[in-house]
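First comes one chain, alone, set out as structure tokens in the form predicted on its own.
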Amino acid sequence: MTNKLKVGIIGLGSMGTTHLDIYSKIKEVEITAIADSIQSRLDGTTKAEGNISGQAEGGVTGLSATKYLDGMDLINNADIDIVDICVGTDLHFVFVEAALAKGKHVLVEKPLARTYDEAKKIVQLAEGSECYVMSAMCLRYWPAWVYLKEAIQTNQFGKCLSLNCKRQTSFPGGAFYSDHHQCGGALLDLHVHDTDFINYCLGLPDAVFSQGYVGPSGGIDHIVTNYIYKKSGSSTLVSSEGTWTMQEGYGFNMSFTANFENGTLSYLLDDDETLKLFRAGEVPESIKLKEGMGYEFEIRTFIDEILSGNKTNFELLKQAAETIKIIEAEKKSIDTCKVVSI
């Protein structure tokens, strides 16, 4: 392939740097430009760190790319085909809108937008554009969750009776995460992963009941939610918990437990990554997972869709917007201590 897709990345925090690492390994892509408001990130004298092994391992050192302090200048670069947006959540909408106005394909980090109203506007803009837009909801592509979704859809172990997801860490710190008006608290920035996967895997719930408390962001930083599906007698019992209020040094973990009629799947990622299957009368089985992280597979999927002209991710974009609708219902449920319909 002689004409590579030219990518510009806005925001060189842990996710922007992770995306940079991934693009550098894709032969059909050329990293043309990078942008960050912090000069030291642009010149490589400082670098953001990830909370999962494999994140943000590389950096900008030795990278031949145009560098901008303002992401809008990057968007105005006529040579760029794809704009990868890894800025603060409260800035997602303005950068997506500007990139689509310039005819760029867009990959935007999670969550799709700060509010459901902004998310709906992004969907409307994407619907009226010939460009491709992906919301980078990485659990949809993470091997363990891909395995879980297939198990539920195919009834591989019988009906899924219950699903519980959990995501725990200590407070990440910094100005962005300390302002819930920008980040949405752990409710939107962290817990959104599990809410989105539940929506993606099981569909839009009919209602939610949530409890939580305010933490260091000034917003909801610890939340437990029950997702209510009104399918009489056959509803899966679904819940999730997300927090970044653990004490300093706690680290990070994410997990799920899915109980089926004929088996139980248990997944945990902390220092290691394990997926185990428990079945009556059998020795517990360790499931071998495809190597790699969800970030790699989502970006590869996005590039393949652009190259093939197969615009299959639009429904997933609408679903990412619906996820924020669910999150806002969870917030309302916490505030009112009531079940809230979606």
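Residue positions are given as counts along the sequence shown, with the first one as 1. This is a predicted model, so every value here is computed, not measured.
Keep in mind that the form predicted together with a small molecule is missing from the display, and what follows is about it.
Region of this chain that lies against the small molecule in the predicted complex, out of 151-159, 103-111, 215-223, 265-273 [heavy atom, 4.5 Å]: Contact-bearing stretch, as computed: 103-111.
Kindly indicate whether 209, 241 and 342 are, all three, within 4.5 angstroms of the small molecule in the predicted complex, using heavy atoms. No residue of the spot touches the small molecule in the predicted complex.
Of 197, 95, 256, 260, the one that lies within 4.5 Å of the small molecule in the predicted complex (heavy atoms): Residue within 4.5 Å of the partner: 95.
Pick from 82, 138, 122, 134: which residue has any heavy atom within 4.5 angstroms of the small molecule in the predicted complex? Looking at the other structure, the residue within range turns out to be 138.
Does the small molecule get within 4.5 angstroms of any non-hydrogen atom of residue 285 in the predicted complex? Output for residue 285 is no: heavy atoms all beyond 4.5 Å of the small molecule.
Residue 14 within 4.5 Å of the small molecule in the predicted complex, heavy atoms: Within the cut-off, so yes.
Does any part of residue 75 reach within 4.5 Å of the small molecule in the predicted complex? Heavy atoms only, please. Output for residue 75 is no: heavy atoms all beyond 4.5 Å of the small molecule.
So in the predicted complex, does any heavy atom of residue 70 sit within 4.5 Å of the small molecule? Flag for residue 70 set to yes.
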